[in-house]
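Okay, here we've got a single chain as structure tokens, the form predicted on its own, with questions on binding and movement later.
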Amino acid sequence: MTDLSLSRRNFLGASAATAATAAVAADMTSLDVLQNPLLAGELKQQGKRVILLWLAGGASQLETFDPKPGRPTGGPYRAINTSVPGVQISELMPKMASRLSKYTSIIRSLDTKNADHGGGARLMHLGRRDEPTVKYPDLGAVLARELGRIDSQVPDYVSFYTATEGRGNAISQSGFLGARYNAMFLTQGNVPPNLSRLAEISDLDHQQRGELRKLLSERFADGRQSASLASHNESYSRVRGLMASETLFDISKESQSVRDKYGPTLFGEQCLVARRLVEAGVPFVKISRAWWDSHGQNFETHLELVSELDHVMSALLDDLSERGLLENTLVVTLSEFGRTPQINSSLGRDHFASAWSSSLSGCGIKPGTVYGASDEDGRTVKDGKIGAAELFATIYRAVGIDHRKDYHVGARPLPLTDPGTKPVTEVLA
């Protein structure tokens, strides 16, 4: 996958390129809920947001949310009680164990049938299989489309992936929704590069250049009907707002005590940025933490990564809750797949998509619930099997989106999730 590190110039360039290749895309703004003022207003006023913690490479369900203590597949770590009677998770997550009843629901029954990094990651970003004739939008683009405001001056979709391992599998595509919903994709750090206005260009010069560009664009568009042209121009119209959002990425604006809660790690700092972004109205933020692909030394790898996840995720949920943001913000932890129950000769766990776990916290979720179950050794799902489509339907429902709604590409209706898909209502509030 091409490195999509997104500066202001790159954002515009990417928007133009995508717009040019999206000639078949329908003008989505004329077709669904955002065109209905009453429905659009109702949805936007709810201010729903989503933060995705993407555990790139495939986190082990056995060392996180579905331990198997005392079993041959269980590994060296104990299972500990949580704040939900009868529910245990790995001892590597003591902070989340104490918060389970307040914030979080666990799904232990994902069977997604794709244990390939590329295919699995693509499936868990799109929620469905690819089609040769349709370029589907990923989860972030859909949520940006559904939860963002047309007049918003902040980005709709921000994605962090600063590691190099697995970055090519972390797809970010707006597909048939068009350039407007492309991600701001950060790969170099916590602040978008080149977002600031150049020192040699005054604010007046910048405004006048924008007005000239708008005039020329309007002349070009006069008499032409083009969805891609409209999407392109809409991206340009948001430039000044995107530039003004630069301070949202600057965590030096936060008190030291808040920064200390998240910790000094890059993952922690990016989650703090994510909180700042959703607080300002950004509807979807993805933080990618790599690299969980532990074919060797699985337990040392997970000791480090799960301990960090436990600390940072707890800090994020506490912070969102204390600020009154969690009731409108859904936090999802997700990988492309899990890890094998059997432990290989390198003391690692390999790729495994037959019985693995995810978690949902906050908005629209019934905290303290556990849905589904794997067998005693974690080799198969014995209860409540679901796939990517059901998980995506659950996410959509949690933030107030009808997962059965249709988009249209030309005359072809495309449902948000595959027909017949049902959300996991047991975890929904």
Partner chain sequence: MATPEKFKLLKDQGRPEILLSLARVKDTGRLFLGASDGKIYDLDLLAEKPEFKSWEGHQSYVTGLALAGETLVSGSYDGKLIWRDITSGEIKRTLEAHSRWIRKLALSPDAKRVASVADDMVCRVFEIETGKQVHELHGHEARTPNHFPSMLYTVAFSPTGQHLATADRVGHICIWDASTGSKVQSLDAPGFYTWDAKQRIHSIGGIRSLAFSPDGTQIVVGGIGHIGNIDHLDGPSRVELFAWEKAEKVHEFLGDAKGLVESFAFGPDGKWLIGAGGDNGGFVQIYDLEAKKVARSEKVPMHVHSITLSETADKLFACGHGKAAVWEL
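Quick caveat: nothing in here was measured; it's all calculated off a predicted structure. Positions refer to the first chain, counted from 1.
Below, we refer to the form predicted in complex with the partner chain, which is not included among the displayed structures.
Where does the partner chain sit in the predicted complex: which of 252-260, 353-361, 292-300, 132-140, heavy atoms within 4.5 Å? So the stretch in question is 292-300.
Any of the heavy atoms of Thr265 lying within 4.5 Å of the partner chain in the predicted complex? Within the cut-off, so yes.
Taking the partner chain as it sits in the predicted complex, is Glu327 in contact with it (heavy atom to heavy atom, 4.5 Å or less)? Close contact is absent here: in the predicted complex, Glu327 is far from the partner chain, nothing within 4.5 Å, heavy atoms only.
Check Thr162 for me: does it contact the partner chain in the predicted complex (non-hydrogen atoms, 4.5 angstroms)? It does: once the partner chain is placed as it appears in the predicted complex, Thr162 has a heavy atom within 4.5 Å of it.
Using a 4.5 angstroms cut-off on non-hydrogen atoms, would Ser346 count as touching the partner chain in the predicted complex? Result yes; Ser346 sits at the interface with the partner chain in the predicted complex.
On the criterion of a non-hydrogen atom at 4.5 angstroms or closer, are Gly75, Glu304 and Glu308 all touching the partner chain in the predicted complex? Yes, the whole trio is in contact, each within 4.5 Å by some heavy atom.
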